[in-house]
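One chain comes next, on its own, written out as structure tokens in the form predicted on its own.
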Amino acid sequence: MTLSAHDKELVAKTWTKIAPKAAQIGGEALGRLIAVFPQTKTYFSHFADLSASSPQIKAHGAKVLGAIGQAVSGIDNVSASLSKLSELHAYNLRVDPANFKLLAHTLLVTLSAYLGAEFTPEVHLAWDKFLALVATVLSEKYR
């Protein structure tokens, strides 16, 4: 997925509004992932509580958004920004790469809820393209 300069600008600009609430947004997006796509629960079987309010879900969601923040910071080379994370998920955690697209979807829904009117169709498209790129990069080590 190719991001235009304008897409990159919109993602970076929006990130400044998301970053202060990243842990909260990440926890909500991950909780939504588990609720909407219950097959993803298998990757979190070591968590005592899989509810959206679980401290473990919130903490892992914060990590997810931390990685998204790294990708935003390195938007010109997302592959380099997320290389170690891709290796971890492919070789150690063995997460089905289809789940990255599911998480991208739940993150878009969560961003829409948090940003409201600021999540314009143009911003939505930029984030959709960006998260598709992130999902592709995270799947690279599987090939």
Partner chain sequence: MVHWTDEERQAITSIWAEVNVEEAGHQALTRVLVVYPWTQRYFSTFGNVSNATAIAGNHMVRAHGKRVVVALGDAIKNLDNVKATYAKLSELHSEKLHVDPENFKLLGETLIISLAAQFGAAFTPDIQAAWQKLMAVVTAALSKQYY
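Positions refer to the first chain, counted from 1. On a predicted model such as this, the values are computed, not experimentally measured, just so you know.
Keep in mind that the form predicted together with its partner chain is not shown, yet the notes after this line are about it.
Among heavy atoms of L125, some come within 4.5 Å of its partner chain in the predicted bound form.
Proximity of F47 to its partner chain in the predicted bound form: non-hydrogen atoms within 4.5 Å are absent; the residue sits far from the partner. Not displayed here, its partner chain is kept clear of P20 by more than 4.5 Å at the level of heavy atoms in the predicted bound form.
Taking the partner from the other structure, its partner chain in the predicted bound form has a heavy atom within 4.5 Å of a heavy atom of T106.
Checked against its partner chain in the predicted bound form, the candidates N77, S112, Q39, Q56 yield a single residue with a heavy atom inside 4.5 Å, and that residue is S112.
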